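Below you'll find only one chain, the form predicted alone, shown as structure tokens.
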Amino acid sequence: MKKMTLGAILGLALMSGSALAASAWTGGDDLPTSPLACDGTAGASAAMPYDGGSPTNPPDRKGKKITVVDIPKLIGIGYFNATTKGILDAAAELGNVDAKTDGPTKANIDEQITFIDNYITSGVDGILFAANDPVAIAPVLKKALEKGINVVGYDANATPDARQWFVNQAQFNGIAKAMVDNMAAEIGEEGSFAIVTSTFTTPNQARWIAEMGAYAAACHPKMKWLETVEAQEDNNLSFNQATTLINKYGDELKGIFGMTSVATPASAEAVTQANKCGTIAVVGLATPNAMKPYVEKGCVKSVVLWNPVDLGYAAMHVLRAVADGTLVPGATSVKAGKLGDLQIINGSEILLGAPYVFTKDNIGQFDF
């Protein structure tokens, strides 16, 4: 595939319509983009009306001890072990919350719905969730609201009217800025790179890539995109695709973006086996444990994600605030313990903050 500067891509996009402008790099979607400022200045966000749901005749829970169940996509994996730790840390800090995590051992929406339904029947004051499917989970969450139960999501949202609030770990444009800025710092403003993603239609990855293209066109216009390849969230395929890119482009390839927690360590392994550490940068989304061997050896400098412990911690504080009546529709921020005041965006979303960048200096502090 012929390489193109981002400036050239942007020029073609402007001639061809807004859809192409939004997906300048293959793998991006056609939705509108909203790149952040190059200097990190926070943009003004328009206030939006509250679009979340409301519990029916909830009892007065202000200051009273409440029972909360957390039902993530699945249990028993490092990521959700980390969110559970944050939830339990916040519950202990608050002192008036009895919290636990329960759920399926595989990411199955039908099983997740059954768990939620069972806890509605047994009786809880609050439900935290990370949805396997935003639409399919909605009816059972609405049932919880109808029973007067407070409902707050995190990590993976439901339709807004099926929960009261959603704690968003990071906005797509924030992830995009962190990814592109870190790559530019490593390979230079005129470096050439490729992307290993899951599929061209996977929603999260497509949104990140579209935002990355828009941000880079504005802030790093001389960086050169070579190619995007699909790897299906498969470790062996991700490794083989990264290896193919290394062999195909040779010295021209200066960096690889990994768009999934599978593609990033697999790309790092491909770079390691090709003896290209220090020559080809790998920047991507992944968990610290998967990347520690490569970061500690200096083969990878930047791993972009968010802190799932903080995500769980924030979600628990949000649910407590909802139960106490201190977080109500129309609020612009919410207090979240040691995290301080978190901003409310998009009507009923609470933003955890900027993406977290794991480096050799801090990655050893995390275990997930």
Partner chain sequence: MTASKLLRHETILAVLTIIALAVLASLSDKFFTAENLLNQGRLMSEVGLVALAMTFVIVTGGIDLSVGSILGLTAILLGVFWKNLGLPLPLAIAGALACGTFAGWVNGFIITRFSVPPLIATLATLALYRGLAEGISEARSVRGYPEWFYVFGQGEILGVPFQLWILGIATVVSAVILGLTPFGRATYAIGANETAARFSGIRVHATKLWIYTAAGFVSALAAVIFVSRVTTTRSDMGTGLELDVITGVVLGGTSIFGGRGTIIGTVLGLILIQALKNGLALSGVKGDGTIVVIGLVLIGAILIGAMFDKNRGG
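Residue numbers count along the first chain shown, from 1. Everything numeric here is computed off the predicted structure, so don't read it as measured data.
What comes next is about the form predicted together with the partner chain, which is not displayed.
Taken together, Leu285, Asn307 and Ala354 are entirely out of contact with the partner chain in the predicted bound form: none brings a heavy atom within 4.5 Å.
Heavy atoms of Ile113 reach within 4.5 Å of the partner chain in the predicted bound form, making it an interface residue. Although the partner is absent here, Asn132 sits close enough that one of its heavy atoms falls within 4.5 Å of the partner chain in the predicted bound form.
Contact between Asp30 and the partner chain in the predicted bound form is found at the 4.5 Å heavy atom cutoff. Glu93 falls outside the set of residues with a heavy atom inside 4.5 Å of the partner chain in the predicted bound form.
Proximity to the partner chain in the predicted bound form, defined as a heavy atom within 4.5 Å, singles out one entry of Pro221, Pro293, Gly148, Pro139, which is Pro139.
When the partner chain is considered in the predicted bound form, only one residue from Asp117, Asp161, Glu252, Asp234 comes within 4.5 Å through any heavy atom, namely Asp117. Just one listed stretch, out of 285-293, 120-128, 211-219, 260-268, contacts the partner chain in the predicted bound form at the 4.5 Å heavy atom level, and that stretch is 120-128. With contact defined as any non-hydrogen atom lying within 4.5 angstroms of the partner chain in the predicted bound form, Ile75 is the only contacting residue in 62-76.
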